[in-house]
Each structure stands twice: as C-alpha cells, then as structure tokens.
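For reference, the chain that follows is the form predicted on its own, supplied as structure tokens.
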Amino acid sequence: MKAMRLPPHVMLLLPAVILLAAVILFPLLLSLWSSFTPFRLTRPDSVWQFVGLRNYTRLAGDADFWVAFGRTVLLLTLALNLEMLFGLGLALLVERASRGQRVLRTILMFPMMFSPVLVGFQFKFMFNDNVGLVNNALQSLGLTDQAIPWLIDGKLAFIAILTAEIWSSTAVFAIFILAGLMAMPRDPLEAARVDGCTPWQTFRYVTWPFLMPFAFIAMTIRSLDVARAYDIITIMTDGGPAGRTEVLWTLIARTAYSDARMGIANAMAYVAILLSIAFTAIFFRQLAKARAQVAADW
C-alpha cells in the first residue's frame, strides 16, 4: 500500500501552518480553556480544574470590571469622534493647499511613526505638574497661577490620555479622508456650484457622502486599537489615580500579573474581544450602507 503524499503546494505551506498553530492557535485555545478554570500563576495545577462559566458569572457582579468596561467605551467613543473631526479638518486643509502638498502629507504621517510607549512617555512629561510643558505654557500665558495636577486628578488624567490618543492617531483619519478627497470626481462639485449651493451645502450633500466609506474604514481600524488601549495609559497613569483611568486591558493585565488570577483575567479578555468584534461589526455595517449610498448617488 502506497503512503499518501501531500501536494507540493501543501508541503510548502505546512511549515508556516505549523508555526502559526504553535504561536497563535495553541496560546489562543489555552487562554480560552483557562477562562473556564480558576487558574492562578501561583498554582499551575489549577489550570486543569474546570469550573464552567463561574468566571464569567463572577464578572457580571464585579463593579470594577463594569466601571473599566464603561470607561473603555467612553474612551473609544470620544477618541473616534474627535479624531474623525480633526482628521477631516486636516485633510480638507491639506487638499486645499496649492503648494507643498506632498510635504504636508508626509508631515501628517509623523505621529503614526512613534510607538505608543514613546507617545506615553512624551505626554507624561508634557502633563507633568512640576516641569511639564503644558503647565509652563499656561502659567506663562497667565491663564493659571498654579500648577494643574493633570495626571493626579482622575478627570484631568483621562483628558490627558485622550489628548495623547488623539495626537497619535488623528493622522489615520486624515490620510484616509485625504485619499477620498483626492479620488473624488470634480464634476458633482462643479454642478453643485452651478446650482447655487453654498460651501456648506456642497460639503454636506456632495462631499461628505462620498467620504463616509473612507471615514468608516478608518473608524474600523482605530476601534480595534482603542478597544485594546494599554501602552499609553500604562505609561502615563498605570490606571491611576485610584483606578480612575483604568480601562479593560490595564485591568486585565493587573488581574493577570499583579494578582496572578490568570483564569478570570482571560475571561475579561474574551469579553473585551467581544466588545471589539461588536464595534467592528457596527462599523462594517455602516461602511456597507455608505458604499451602497455612494453607488446609488454616483
């Protein structure tokens, strides 16, 4: 009996498949299994004690988890909307520039080149209450006569984190929307001007509907980033003060590594993944509607 031989293309792909299974699939399945166990890093044998949905039901009554969940949704909502507004403004300005447009497009991409860790350290220094650039600028302009505790007050710390997120990622929206502006046909704009439309009416009924698919693509990409926000928040506040800037992934990291409760941390992680999937599904649905509208109008 002849041994079965795999096709050559399967043999070529086999090492990559094995590597992906070892690096991605196995850890994913292990984390999913451990979310149904009382697994603690201090008790490795507990990973084999199946407890069903106990970790998930415990999360339903965990106030800290739901506060972090709500704060994550708030950060996601504010960051995405503000980034879209600022990105739209930057894209419109760059598109109208008569000279140096290539240079401006290159400058737009600079914030994206910095790692989130570096952005966190940069804004932590800028919002420092003693030597920070923000407080020094406000005091120099006479807007305040005392240092503002940006990273010590809970509400101000959230604003500082939001500012860092917006600065680092507004370029994503600007680049996508600028691509839409550059791909947009000129004939409908000329027709709107001939019909006597104001600049606002032209933007509202002609330009923006065409740009919406590009904006929703950027929102989909950014929603995944913000939903798993960790680096900037950890560097700037580490979830403080007193947990007032704690989001899902900083809470998950604290539960898993500081408290060594890996089982319930993995349960939190899968709830966070479901949050990301939900927002992605919403934006994909809006993207499909926007594309259908553009196809119907144009």
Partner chain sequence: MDRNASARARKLTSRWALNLALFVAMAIICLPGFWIVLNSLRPTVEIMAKPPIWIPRELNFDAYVAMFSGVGQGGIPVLEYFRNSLIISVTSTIIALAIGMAGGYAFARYRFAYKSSWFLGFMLTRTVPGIALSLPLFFIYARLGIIDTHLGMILVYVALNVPFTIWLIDGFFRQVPRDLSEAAQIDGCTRWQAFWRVEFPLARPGIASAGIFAFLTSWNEFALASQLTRSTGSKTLPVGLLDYTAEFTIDWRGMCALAVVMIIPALLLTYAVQKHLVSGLTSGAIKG
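Note that this is a predicted model, so its numbers are computed, not measured. For the two forms, the rigid core is made up of the largest set of C-alpha atoms that agree within 1.5 Å on superposition. Residue numbers count along the first chain shown, from 1.
The next section is about a form of this same protein that is not shown, the form predicted in complex with its partner chain.
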Inset, instruction - Scan Ala192, Met84, Leu75, Leu108 and let me know which has any heavy atom within 4.5 Å of its partner chain in the predicted complex. - result: Leu108
Legend entry - Heavy atom within 4.5 Å of its partner chain in the predicted complex - the one residue of Ile152, Leu104, Leu162, Cys197 that qualifies: Leu104
Legend entry - 4.5 Å heavy atom contact, Ile175 and its partner chain in the predicted complex: yes
Legend entry - Asp62 within 4.5 Å of its partner chain in the predicted complex, heavy atoms: no
Inset, instruction - Indicate whether Arg186 is a 4.5 Å heavy atom neighbour of its partner chain in the predicted complex. - result: no
Inset, instruction - Decide whether Leu28 counts as a contact residue for its partner chain in the predicted complex under a heavy atom distance cut-off of 4.5 Å. - result: yes
Legend entry - One stretch from 153-161, 75-83, 222-230, 201-209 that, in the predicted complex, holds residues within 4.5 Å of its partner chain by heavy atom: 222-230
Inset, instruction - Scan 77-102 and note down the residues that get a heavy atom within 4.5 Å of its partner chain in the predicted complex; none is a fine answer too. - result: Leu90, Leu93, Val94, Arg96, Ala97, Arg102
Inset, instruction - Could you tell me whether the Cα atom of Ala63 shifts by at least 2 Å between this form and the one not shown after core superposition? - result: no
Legend entry - Large Cα shift (2 Å or above) at Leu20 between this form and the one not shown, core-fitted: yes
Inset, instruction - Check Asn128 against Arg228 at the C-alpha atoms and report closer or farther in the predicted complex, compared with the shown form; the change is 3 Å or more. - result: closer
Legend entry - CA-CA separation of Leu224 and Val247, closer or farther in the predicted complex than in the form shown [shift of 3 angstroms or more]: farther
